[in-house]
Each structure stands twice: as structure tokens, then as C-alpha cells.
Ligand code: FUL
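Just the one chain here, the form predicted alone, laid out as C-alpha cells.
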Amino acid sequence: MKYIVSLLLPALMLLSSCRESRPKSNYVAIKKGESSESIIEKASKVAPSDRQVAWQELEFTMFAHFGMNTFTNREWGEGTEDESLFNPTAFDAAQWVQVAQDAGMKMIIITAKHHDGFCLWPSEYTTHSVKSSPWMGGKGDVVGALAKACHDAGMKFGVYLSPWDRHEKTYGTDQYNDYFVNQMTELLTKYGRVDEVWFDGACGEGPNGKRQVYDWLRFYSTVRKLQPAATIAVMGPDVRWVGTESGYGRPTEWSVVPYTSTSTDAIAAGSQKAPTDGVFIPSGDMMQQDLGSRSKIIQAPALIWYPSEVDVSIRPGWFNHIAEDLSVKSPEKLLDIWFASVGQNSQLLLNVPPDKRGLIHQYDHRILKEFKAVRDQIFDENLAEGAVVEASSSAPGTKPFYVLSRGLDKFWMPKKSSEAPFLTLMLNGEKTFDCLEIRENIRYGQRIEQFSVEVWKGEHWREVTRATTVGYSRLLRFEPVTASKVRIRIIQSRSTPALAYVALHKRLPLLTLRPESGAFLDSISVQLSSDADSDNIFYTLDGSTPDQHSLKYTGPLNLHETTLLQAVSIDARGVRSFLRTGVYTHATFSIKFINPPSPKYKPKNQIVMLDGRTSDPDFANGEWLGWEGTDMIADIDLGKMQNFKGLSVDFLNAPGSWILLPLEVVFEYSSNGKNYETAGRVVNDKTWDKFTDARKVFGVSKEFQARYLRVKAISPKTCPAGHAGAGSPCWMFADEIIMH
């Protein structure tokens, strides 16, 4: 035995000398005057704590905004609400858990106390809680029921506790920090394991008109003492807020960022609209687009592993409102958010607010199940499975084919001295794919700064796409490509990269309607196309959901009446595209222009300015009409007398493209089309070089009856002095005339 050990020791020493050791810390200090090369090397050695790795691996978690606001139909409460208003009629925490599991989520975070101070558990430190409500005779405990349901189902459980309390009288005094810690202690000791504690930076006035100075370090130490495995987010040391509530992260997302002491003003102002007063937190300004590039970190006093969480609500609001039942985000929208959050090195925290019953609405549940099914269709199959994987080089103990298996235990790392390392995947035959999934082994840090995806075509490599950071997870979308050989090339890295996973996927087939919808006078031709196979497009005209037994598309559809068109594309795998719906309206009104718009920008339909669609600022997308050096005069015949409260029309402002706003817009109306009265006029008081918005709405308010309308927009005609095109004809673009 001694002889075997003596032989193994030199081999182990050789292995350790050839392969990098795993970094030990999620923090590193930078010495004054340290070289940029040394700082970059140090940055590559910053790695997450075990707590942060476990948090990142969750990928997808649920926020549950539930409380007094649910029953007052508000987003922010005043703190003066009567406790008797809180009375869910069918509360079922197990149903929340089931919804989360059906969506593929791995944790639920409950708003145990929002800004109104109402507590969803029977806190002994306030009467403003469920114990004073009629629900369950004052014996109910939302937090306790959800904690038990999560633990019973093997799901992780987290709590949101608002530091801002608009009800508590001690808010704004030193005593409030004691109050807050007491409530934290209740939540962290009475309900078993807590996996995440979520703070925001809201700090407004309390009932005494004062603002609070939060004792954040005391709050953090309380969590560490009572729930040492819990992650502290997003106003905390473990996880940072991405900077918006849109669901979209950064294309270049670094988890290694500068460590500085700063106030939370910017974060609170962006997320909760109420800045704080100089609160210490190890975050810095975490809302910039560039947080961790070389230019940023070489100026930092220290570096820390501080990953991004992306939060967004499935509904327009954070609390449930009946009026938003039909405004739940679609599976297609959620998938786009997934690529921009989980697919950009962040965790996705999706808010799914329960309703007054204490249940998650069936619309939300259905959408989440459909979203999960879509993700399964895309990501369950790795088209690189079975590939022969080769590498430019491999460090001892790592192998190229390890990247085909999920997890961080096995991975590929090139030899330390390798320049421009790469992996080559010889696929099992030709495969068609349009998505790459790639992951670094973040236990070794985040190192890749740029990489490319290439396919072998003929006798050379052709680049399909390239991107910057990877981190825990990166998803890239591109046009479908068919190949039998794929190469992942690391263009730039801070140190030897460590790849944990590589996968090729095929997304849902893409189905396009042209035009997507619109109004027409006589007839309209609609074309359907798919990136899968145009022979497998199916549609309906009767309102039913199309499937493979519906009408088969064979060519353009010529519509003469108002029509609801629904279509899907089904690819060779049997996978369906997202449902496409087009509404084509046979107009009963007409519009004509005294000065016709320029034929250089053709409209999508015959009455594009009256089709009810407000466009983005892309003036070449067929939804804007342009006039070059001349006025716009639009005459509208509605076919019958109608009542109005006002009129408006929006114009584009893009001076760099020689597109200027009108000098004046006049609105007129008539009952006979001959004698017109003025509804109002708007004079543009902004000069071209000072007005910064991309568009401006010109509108008037006036009650009147009319059949005929006339909108006149007076063009500047030429670019003014000081403009690059001074003296040359300028453009004026209009999008939509709105009748109020």
C-alpha cells in the first residue's frame, strides 16, 4: 500500500501543476498601483460561494405578490387600510406550489410584508396583520401555510420583507430597526428552512412623516445567524438587481463586478421610485450597461462575485387586478424573456400574483404550463448528443466530451498555455439547429469575454454568430443552419476557460403573416410563410384553433370581408409554432390625401393611418407615411355622423435622418364635407435641435359631432440653419390618427 501511495503522489502533484486549482473566494482586494494584467488575472479567480452556486442553479423562481393591495386593487398601500379587508375566500398554498411546479420553478418568494406594513403572518409586534382580519377567524397564517406547502413538495421557500413600513409608528426612528429585526427573527425562526430573503431599497416617509436610516449590516447579520444557507437579495450581499423590471438583462452580463460602498439611491429610484438616504451596501451602481468589463474592473478597489437577478411580473401590475386578467404575458413573450434573462447569465424571478380568492388565476396557470411545454420542446433535446468532441488541448482531468453532460462536476478546460482554444463537435449526421446553449463551470469563475459559433461548410469554417460573456448560462439565437460539424472558438478569455456544457437546439418553427393585421377598403392579400416548411402551415377563418386537420395553406389568401385568421406551422418533429392571429377589417370609412405621401415608403395597408396600430420609430416599416418638403392634408369620411371628444396624431422626430416635426397641426370637422369648423390647432414650440423624444403626439380636446374630419400638418419644408441638410427638403412622418 505504501508503495502504491508513493507512486500516486508524484502523479497527483504533476496533475495539480498542469491544471488550475479551483478558486477559493468570491472576493478579492486590489492593491493600489497594481497592473491591469494582474487585476484581470485576479478577476478570473473570483468564484461564487456555495450559497451563490445553489441560487444560480435554481434558474427560475416565483415571486408571489399577495396582501392588502390584492383586496384594495392597488399597487402601493397607504398603511391605513382596515385589516377586515383581507379575506381570501379559497386560499390554498398547495395550489401555488402546484402552479410553480407546473411552470418548472424551483422556489416561491412570498411578500410577507409590503410597504403598507400589513403582515401575512400573525406577528406579535403589530396588530396590522392577518390576526386582525376575518380570514379564518384571525387564526390564519399565509406565510406558515406556504412554507409548509413548499417544504412538503420539496420546493425552496423565500420571504420578501419590505424595509419601508407606512403603518408602523416607530418608522423613522432607531426603534424601527429593532422592530424590523424582531419581525425578521419571527420569519427566520418559526417556519423552518428559508432559502432566500429578498429586500428592496424602498425608503419613503412613515406615518410620522420621517424617513428611516436602515441598519443593513444588522439585517444581514441576523439572516446569516438564523438562516446561514439563505441567499440575501437584491438589496444584499449575495445577489443584485439587474436594474429594470422588464424581464430583460444585459447581453454582456458579468457576475464579477467592482466592489464599492455606495448609497442605494439609484437602485431604489429605479425599482421602487423612492430613493433612500445614503444606505451602505456592497453594490455600487449596478444599473449600468457595462458593469464588469476590463475598463471597469481595473479601476476598482476590490472585486466581488455578485450575480444578477431579473424580475418581472406575468401581468402588467405586481398585484392581481381583475382588469388585467386578459393581459397576462403570452408564452411567446415569456420565452423571449427567458432568452434575455436565464439565457444571459441571470436568474429569472417571475411574479405570479394570487387573486382575491387566494388562488393563482387559471389564465396565469394555463400560460405557465404552455410556457413550460415550449421550453421542454426546445431544450430537452440536445442535437449535439452522441457527437464526437475534440479539442485544441485538454488539461489533465478534463475531457472534451464532458461538455455533453449537464452539471459542474465534469467539464473541459484547455491547457493553461493554450491560445484561442476551441472545441469541435462532429455531429451524428447533419442537424438543423438555431440555438446554442453554453455554460461555464462557474466554480472556476467567469472567464470568457468573447466566443464564436462556426459550422463547417465545404472546405472552410463559416461563422454563424458570436457573443461576449457566458457565465452560468448563455443562450444564443440565430437563423437556422444545417451542418454536421460545429466549432466553439474562444476568442478572448481572462484566463483558462472551463466549459461545463454545450448543447444545440432547434426552436419552434417561425410563422409569419404579411401583413400581420390591418384594415382595407376593397380586398387584402395575406401571405403566410414558415422557416420550417410552407407545406405544413394550417389555418382557420372561423375562430377555431388550427391544427394539422385544418385548412392547409397553399398560397396567398385574398380576403374581401372582415376576417379573423389564425394559423400555425408544424415542423418535421411535430412541433408547432406559436399561434399567429391576424385581424383584417373591411373598412366602412375612407381616407384621402390632398398631397399624396411619398411612394418611397410604401404602407402596409390602404388605411395605415387609421388601422389602430401605433408603430415603433422605424419609419421604413410600412406603418408610417412620409411627406418630403410638403404639408400633410388628410380628409376622412367616416360614412356617418359620430360623437368625438378630441383628435390626435403622432409624428416622428429623427433629425439625424432629416425627419422633422410639423410646425403646426390643425384639426377640422364637418357634417357635409364642404363647410369645416376648427376643432383646435397645436403649434410646435420645440426646435429641431432641442427636442429629444423619438415621437410627439399633437392633439386637441373638444366635444363635437361630425362625419368628415380633416387633419392638416404644416411641414418645415426644408432643413433649418445649423442642420447638416440646411436648405434641402426635409421629411415629415405621421403614424396614426386617433379619434377620441
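Only a predicted model underlies this, so the values are computations on that prediction, with no experimental measurement involved. Residue positions are given as counts along the sequence shown, with the first one as 1.
If you look for the form predicted in complex with this ligand, you will not find it shown, but the lines that follow are about it.
Peer 1: Is Phe60 close to this ligand in the model of the complex, meaning a heavy atom pair under 4.5 Å apart or at it?
Peer 2: Contact check for Phe60: no, nothing within 4.5 Å of this ligand in the model of the complex.
Peer 1: Please check if Trp76 has a heavy atom lying within 4.5 Å of any heavy atom of this ligand in the model of the complex.
Peer 2: Trp76: contacts this ligand in the model of the complex.
Peer 1: Residue-level question: is Asp355 within 4.5 Å of this ligand in the model of the complex, judged on heavy atoms?
Peer 2: Asp355: no contact with this ligand in the model of the complex.
Peer 1: Check whether Tyr501 has any heavy atom within 4.5 Å of a heavy atom of this ligand in the model of the complex, and answer yes or no.
Peer 2: Contact check for Tyr501: no, nothing within 4.5 Å of this ligand in the model of the complex.
Peer 1: In the model of the complex, do Glu332, Glu437 and Arg474 all reach within 4.5 Å of this ligand through at least one heavy atom apiece?
Peer 2: So, no: the whole triplet misses this ligand.
Peer 1: Only one of Asp200, Glu668, Glu623, Asp238 comes within 4.5 Å of this ligand in the model of the complex by heavy atoms, so just point that one out.
Peer 2: Looking at Asp200, Glu668, Glu623, Asp238 one by one, just Asp200 meets the 4.5 Å heavy-atom criterion.
Peer 1: Just one of Asp178, Glu664, Glu628, Glu245 has a heavy atom within 4.5 Å of this ligand in the model of the complex. Which one?
Peer 2: That would be Glu245.
Peer 1: So which stretch, 368-376, 113-121, 247-255, 409-417, is the one near this ligand in the model of the complex (non-hydrogen atoms, 4.5 Å)?
Peer 2: So the stretch in question is 113-121.
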